[in-house]
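Listed next as structure tokens is one chain, alone, in the form predicted alone.
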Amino acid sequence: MTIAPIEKTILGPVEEIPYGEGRTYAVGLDMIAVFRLRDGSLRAVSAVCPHKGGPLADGQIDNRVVVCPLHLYAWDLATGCSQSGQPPISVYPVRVDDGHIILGD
């Protein structure tokens, strides 16, 4: 698992992300995809597919994986490990506090 260290950052209201979708946020020099799963929990991973730079926030998700919309490679949302032989992606700690998405510890 690749958990990337990141400074605590407020990204915005959780309502900005519909259930079952993701959004990309610029945090410093990093692009981070935050997903709101159908059960309401959040996951945060690198927003850029390591294969060809695809936008992972636009990919299909379930409660376990994100699938890149360009070439259908999949990554585990909790660990960043590839399900399809690609390099891992970074995962980030994320939570909701008082209705806002908080990235980092």
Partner chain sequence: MTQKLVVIGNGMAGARTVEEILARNGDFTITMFGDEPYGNYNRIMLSNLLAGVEDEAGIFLNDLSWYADNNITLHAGTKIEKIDRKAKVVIADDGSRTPYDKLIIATGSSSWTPPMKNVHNPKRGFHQGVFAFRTLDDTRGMIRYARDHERAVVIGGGLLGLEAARGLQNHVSEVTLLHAMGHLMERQLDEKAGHMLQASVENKLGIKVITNAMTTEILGKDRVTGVKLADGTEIPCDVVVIAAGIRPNTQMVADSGLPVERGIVVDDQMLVRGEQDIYSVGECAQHRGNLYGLVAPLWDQAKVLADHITGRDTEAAYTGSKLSTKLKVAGIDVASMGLIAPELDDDEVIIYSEPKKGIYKQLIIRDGALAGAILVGDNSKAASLIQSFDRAQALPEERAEMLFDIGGPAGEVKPEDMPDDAQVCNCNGVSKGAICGVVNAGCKTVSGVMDKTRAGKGCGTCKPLVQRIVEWAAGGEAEDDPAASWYVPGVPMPKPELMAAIRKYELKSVSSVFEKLVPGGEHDAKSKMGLASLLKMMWADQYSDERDARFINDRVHGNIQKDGTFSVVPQMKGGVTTPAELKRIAEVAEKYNVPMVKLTGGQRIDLLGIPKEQLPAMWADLDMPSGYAYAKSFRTVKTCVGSDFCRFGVGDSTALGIAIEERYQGLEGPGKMKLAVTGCPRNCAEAYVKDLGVVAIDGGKWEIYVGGAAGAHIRKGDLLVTVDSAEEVIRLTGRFLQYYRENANWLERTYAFVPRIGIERIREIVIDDSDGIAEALDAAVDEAVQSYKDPWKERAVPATPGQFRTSLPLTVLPQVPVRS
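Numbering follows the first chain given and starts at 1. Note that the structure is a prediction, hence the values are computed from the model and not measured.
Note that the form predicted together with its partner chain isn't included here; everything after this is about it.
- Contact with its partner chain in the model of the complex holds for none of V94, H100 and L103, as no heavy atom of theirs lies within 4.5 Å.
- Its partner chain is not shown here, and in the model of the complex it never comes within 4.5 Å of any heavy atom of S41.
- Although the partner is absent here, G20 lies within 4.5 Å of its partner chain in the model of the complex, judged by heavy atoms.
- Among heavy atoms of D76, none comes within 4.5 Å of its partner chain in the model of the complex.
- Contact check for P50: no non-hydrogen atom falls within 4.5 Å of its partner chain in the model of the complex.
- Of the residues in 24-47, those that come within 4.5 Å of its partner chain in the model of the complex through at least one heavy atom are, in sequence order, T24, Y25, A26, M31, R38, A47.
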